[in-house]
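Structure 1 and structure 2, given next as structure tokens, are two forms of the same protein chain, each shown alone.
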Structure 1
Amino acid sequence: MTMKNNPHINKALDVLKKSPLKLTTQRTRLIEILFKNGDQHFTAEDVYKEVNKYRYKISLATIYNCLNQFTKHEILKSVRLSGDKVYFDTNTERHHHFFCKSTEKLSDIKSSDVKISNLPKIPRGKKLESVEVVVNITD
């Protein structure tokens, strides 16, 4: 009964297959769950709870391992911000975030929706890696 031909799932699975990572049951299962509904944001604990609603159980260690490997191979993007937990994002494009301090939920801001100008020069000898904009909001 699992929805076949979900384009988000297929795209993520393709990236996994092209990576040097092994195509394990756990990884496939995780991708099916995480990418089922397009762009989503979640913590390792969120994933652990969600996954284990089903009869196929995955250990927390594996969830951490997979999320980190997926991030390394650009199947996911990690977002670290105020608060103690790391968030993972199914959107791997360059973009920014709203972060609601009340609900602790993230939502995307398209990169093209924010214009940053006048950025001062990068300190001597350093090189630019990324620009992250977080718009903190509350209820």
Structure 2
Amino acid sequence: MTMKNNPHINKALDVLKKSPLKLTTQRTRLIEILFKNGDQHFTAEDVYKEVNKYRYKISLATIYNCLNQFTKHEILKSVRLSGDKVYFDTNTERHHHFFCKSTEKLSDIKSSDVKISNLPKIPRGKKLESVEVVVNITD
């Protein structure tokens, strides 16, 4: 699967090339899977299923490592919903999410659609980095 004219893939590959990470076949294939349809949300297990569909030889451990490296280098964003549930988001811009508990699907909410009028006092010695809202919904 090569999608040379996909702007989402090309942008992610450009960020990868500018990072200290090596441009390997496995990383390139993962970026093609992750970014082929633009803004999406994946768990590592979702990516592993896609990898197997294309018959790529990439282990689940390697997928976890790559997704975490991509997050560290701002190719992806991670969204932690509970102690063990982490989604990887191809949209790295500031935004919020709906999480449907019955389908376990995450979907974007534009930042402009959420108005935050009051925040708690930030603990001494700390500074505000960002505010991200997850709105839990169900069917």
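Owing to the predicted nature of the structure, the values given are computational and were not obtained by experimental measurement. Rigid core: the largest C-alpha set superposing within 1.5 Å between the two forms. Reference numbering: structure 1, starting with residue 1.
Of the two forms shown, structure 2 is the one predicted alone, while structure 1 is not.
Once both forms are overlaid on the rigid core, the distance between the two CA positions of residue 17 between structures 1 and 2 is under 2 angstroms. In this core superposition, residue 124 moves its Cα by 2.5 Å between structures 1 and 2.
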